[in-house]
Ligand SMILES: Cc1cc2nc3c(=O)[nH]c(=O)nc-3n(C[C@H](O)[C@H](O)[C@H](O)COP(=O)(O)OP(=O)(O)OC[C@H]3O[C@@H](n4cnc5c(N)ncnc54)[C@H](O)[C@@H]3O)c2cc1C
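Presented as C-alpha cells, the chain that follows is alone, the form predicted on its own.
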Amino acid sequence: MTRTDVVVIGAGVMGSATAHWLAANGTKVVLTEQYSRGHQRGGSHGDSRIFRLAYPDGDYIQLARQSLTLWHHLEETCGRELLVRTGGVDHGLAAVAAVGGALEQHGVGFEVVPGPTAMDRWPGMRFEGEVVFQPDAGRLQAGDVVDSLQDLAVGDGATVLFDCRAEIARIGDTSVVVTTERGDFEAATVIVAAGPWVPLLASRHVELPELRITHEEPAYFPVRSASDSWPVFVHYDASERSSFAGYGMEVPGRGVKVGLHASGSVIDPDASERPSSGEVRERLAGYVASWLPGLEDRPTETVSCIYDSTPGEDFVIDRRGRVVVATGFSGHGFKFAPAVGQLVGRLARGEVDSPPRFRFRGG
C-alpha cells in the first residue's frame, strides 16, 4: 500500500489539468490512465479543439474568461504555443440575440456583422442573417495541451501511470483505497475524471445524473482557396436558443475540421469496435455543401472521439465524502480545462464547494 494525498483516475485533459494544479500547489498526487499516453479512445486526443468566450450563458462565459487567463499562464509555464487565436464566428437565427446579449451583459467585446458583409469577409462560409464575431476565440492544440499538462505535473512531483486500470476498492472515514495494476494506493481523496468511464467507476459511490455516451465523427475537408480566412465557427440551430448544429476550425495542413454536435450513436466506451456511421458522414457532407462553399464537400479524413453528455449539457463537478467527480463535459468542455482542473483540485483539498450548477443530482 502506497500513501498519497490524492489519486486522480483518468488522464484526459481534465484529469491531467487537475493533477497539474494539485502538484503545482504542493499536493502529493498519483494520476492513473487505463490506456497508453496519447491514446485515441476518449475525448482529449487529436490536434484541435475550439476555444471561445461566446456562449449564450453567463456561467460559461465567466468560466471561459478565467480559462483564457490560465491558458496564457500555461503557455508561459511550458514554453509552447497552445492557443492559436483566430477569432470566432457564431451564427444562426438565435445567435445574435442569445450570444451577443450574453456577451454584452458580461462586458465581453464583440462585433455584430451583417450577413452580406460577413460573407465578403469570410467567403468560405454562408450565413443566415447577422453574425457575432468575438476576437479572442481560437484553436487549442489538443495533443500538445495534454502532453504539457502531464509533463508539468511530473515536473512538480506527480506520479503518472499509463496502461494502468484503477478502481475504488474501499472508502473509509479518513481515507479511500484505490486498487490499480501497479499496486494499491491509500489517499485522502480520489478524483474520478475518466469521462465516459465515470459511471462504471463512481456510480456505486455517488448518484450521477444520466450520461449519454456517444461516438462522434468530425472530419477534415479540403479548402478550395488558400486565401480564404477561417475563424472558428459555431452555427446555432434556428429552432433552439442554446443548441448548435455545426462547428469547425481550420487546421493548417489538414483543411477545416467540421463536426455536427452530439450527432453520434450511443456506445459502450469499453467496446473494442466503434463502427463508423455512414448516415452521419452523409449529413456532414450535406452540411458542408450547404453552409461552407469554400470547402470541398467530401472529407479527406474522419476523426473518432467520444462525448459524455448530460441532458442539459451542463458539467458534473462535485464532491461526496472522499470522492470527487468530473464528467459530463458534453462535447464542449476542453476549452475550460485549466479552470476546471483548478476547481476540481480545490474541491479535493476541501477549499471550496461545487458551484450549484455543477452539483450531483439532488443538489
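One-based numbering along the sequence shown. Keep in mind that this is a model prediction, so the values were computed, not measured.
The same protein also exists as the form predicted in complex with the ligand; that form is not shown, yet it is the one meant from here on.
Contact check for Val280: no non-hydrogen atom falls within 4.5 Å of the ligand in the model of the complex. With a 4.5 Å cutoff on heavy atoms, Arg65 does not count as touching the ligand in the model of the complex; it lies far away. The shortest heavy atom separation between Asp318 and the ligand in the model of the complex exceeds 4.5 Å. The closest non-hydrogen atom of Gly345 lies beyond 4.5 Å of the ligand in the model of the complex. The stretch in contact with the ligand in the model of the complex, judged by heavy atoms within 4.5 Å, is 44 to 52, chosen from 57 to 65, 22 to 30, 44 to 52, 290 to 298.
This chain appears without its partner; in the model of the complex, the one residue of Leu149, Val89, Val99, Ala193 with a heavy atom within 4.5 Å of the ligand is Ala193.
The listed set Leu201, Leu103, Leu284, Val223 contains one residue whose heavy atoms approach the ligand in the model of the complex to within 4.5 Å, identified as Leu201. Taking the partner from elsewhere, every residue among Val13, Pro218 and Tyr307 has a non-hydrogen atom within 4.5 angstroms of the ligand in the model of the complex. Contacts with the ligand in the model of the complex, taken as any heavy atom within 4.5 Å, map within 165 to 183 to Arg165, Ala166.
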